[in-house]
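Shown here is one chain on its own, the form predicted alone, set out as structure tokens.
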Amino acid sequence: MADVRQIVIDIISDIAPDEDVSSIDDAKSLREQLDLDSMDFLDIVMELRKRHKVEVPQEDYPKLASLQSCVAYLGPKFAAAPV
């Protein structure tokens, strides 16, 4: 699932270009490690939908807390997403 991880990192890099994404700890909360506010988080969700046609319902937002949980949650969605 390294590709899903890279997709999320690419989106974070675009939304928060000043953040160092090379040192992200996959198990830690993204918001603890990066200077992301709630609008940045919404931008991540919107970019997932816009770029990759992956829908994330609001009740599932907590499942995107860490990079590890993003990969676990988004992996099956990417596998099922139309190409």
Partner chain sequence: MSDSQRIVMTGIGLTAPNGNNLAEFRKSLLECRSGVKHHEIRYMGKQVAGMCDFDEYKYQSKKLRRRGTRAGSISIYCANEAIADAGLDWASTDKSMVGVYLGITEHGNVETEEEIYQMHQNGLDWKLWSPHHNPRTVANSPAGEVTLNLSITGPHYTLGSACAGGNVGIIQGVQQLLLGEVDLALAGGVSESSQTFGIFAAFAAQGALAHHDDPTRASRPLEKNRNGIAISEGGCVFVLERLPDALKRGAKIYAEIVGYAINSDATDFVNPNGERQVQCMHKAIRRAGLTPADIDLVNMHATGTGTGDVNESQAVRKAFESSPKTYVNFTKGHIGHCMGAAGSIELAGNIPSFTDGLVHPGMNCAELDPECEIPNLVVNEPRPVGNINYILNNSFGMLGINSALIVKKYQA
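Fair warning: this is a prediction, and the values are worked out from it, not measured in the lab. Positions refer to the first chain, counted from 1.
There is another form of the same protein, the form predicted together with the partner chain; it is not shown, and what comes next is about it.
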Exercise. Does any heavy atom of residue 20 come within 4.5 Å of a heavy atom of the partner chain in the model of the complex?
Worked result: no
Exercise. Can you check whether residue 50 is within 4.5 Å of the partner chain in the model of the complex, heavy atom basis?
Worked result: yes
Exercise. Wondering, does residue 32 line up within 4.5 Å of the partner chain in the model of the complex on heavy atoms?
Worked result: no
Exercise. Would residue 26 count as a contact of the partner chain in the model of the complex, using a 4.5 angstroms cut-off between non-hydrogen atoms?
Worked result: no
Problem set entry | Interface residues of 42 to 67 toward the partner chain, as seen in the model of the complex [heavy atoms, 4.5 Å] | 42, 43, 46, 49, 50, 53, 55
